[in-house]
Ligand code: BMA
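In structure tokens, the next block holds one chain alone, the form predicted on its own.
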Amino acid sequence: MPYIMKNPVIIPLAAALLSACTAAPQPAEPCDSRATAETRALYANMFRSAERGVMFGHQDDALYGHSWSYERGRSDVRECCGDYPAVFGWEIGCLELGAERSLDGVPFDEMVHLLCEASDRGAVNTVSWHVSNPQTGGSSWDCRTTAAVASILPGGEHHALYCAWLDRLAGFFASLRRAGGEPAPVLFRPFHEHTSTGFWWGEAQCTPDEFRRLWRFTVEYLRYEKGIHNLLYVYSPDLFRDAEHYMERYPGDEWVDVLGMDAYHRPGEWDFIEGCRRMLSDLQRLGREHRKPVAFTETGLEGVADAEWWTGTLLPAIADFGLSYVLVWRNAHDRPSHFFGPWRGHASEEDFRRFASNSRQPILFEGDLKDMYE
């Protein structure tokens, strides 16, 4: 210490090192340099909330649940644990066709109202898009062709059609307004599960370069051509072998905000806990390297046949990876066995409450959030 005190060169060096060690890291910025103030705040707060716990999400939670539909204020999650999910999932498939209802039969007007209402309460919204096959006219699951992606890229046969679809999406996103009039931020998750072969944009249906070009064009068109600046873009493949496989079709940091993954528990097909922890470990490392928040963007066990699935399977699978959120899929009101979340009276209801209040890996609900938009 006396030597440092007397040495004029080391004094500023020591001060600089001390400053570097104690200064808070600069928050990462959204990939859209013109993102709205609320969207930028949401992005920064996704990092901060992950330090407190994992936000719990549920698809279509505000729209319907097990045995009910379109009852304002209802929520299967809330009826089980006393609070709304922190993250609400929404699906806009068929919007591109000019339909008034989504592929799940949800009126888009109702969706807009409830999404904005959730945003006003401080919850986070994420939107998926099961987009129709532009080449065949079939659904997202129509994989009869390997040229659909190429056909909508600039110069492709169906490029103009795709631009018209994006125009409709832009109109939808522009219509999302919070109570103060500002655009409601949304985590937009296009072309998900591309490491599987279940969709026309999957890895067997297009080349890595075609996928990257499709992603970049989509973001570029919405951002620059349509002026949509309330979106954070989420990259979410399905199961992946390793970090190299995960990044094989990655379009670049300037086109992606959140690194996610989808993985469903299908007993007998794979070891869910071990497999998730392997992939989430890779995801956590990639998030740190690319300065992106990470999320488990879709998961669940259809029918939740295990009464202790929440604490016995999901919790050990996601603990300690610094996830921003985990989202389970929907509880269909018209298909009694098609549900992934909790509901009042189900055998796993009590276990879900234990999951919600556990101390090993804190789980955050809407009431636990600080203002995500400030």
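When you see a residue number, it is the position in the sequence shown, counting from 1. Remember, predicted model here, so these are calculated numbers, not experimental data.
Omitted from view is the form predicted in complex with this ligand, to which the following refers.
*Asks:* Would you mind picking the one in 103, 112, 153, 239 that has a heavy atom within 4.5 Å of this ligand in the predicted bound form?
*Replies:* Of the candidates 103, 112, 153, 239, 103 is the one lying within 4.5 Å of this ligand in the predicted bound form.
*Asks:* Among 130, 159, 178, 277, which has any heavy atom within 4.5 Å of this ligand in the predicted bound form?
*Replies:* Of the candidates 130, 159, 178, 277, 130 is the one lying within 4.5 Å of this ligand in the predicted bound form.
*Asks:* Specify the contacting stretch among 330 to 338, 65 to 73, 37 to 45, 315 to 323, defined as having any heavy atom within 4.5 Å of this ligand in the predicted bound form.
*Replies:* Every other range fails; the passing one is 330 to 338.
*Asks:* Just to confirm, residue 91 within 4.5 Å of this ligand in the predicted bound form by heavy atoms?
*Replies:* Output for residue 91 is yes: heavy atoms within 4.5 Å of this ligand.
*Asks:* Taking any heavy atom pair closer than or equal to 4.5 Å as contact, tell me whether residue 141 reaches this ligand in the predicted bound form.
*Replies:* Heavy-atom contact with this ligand at 4.5 Å: present for residue 141.
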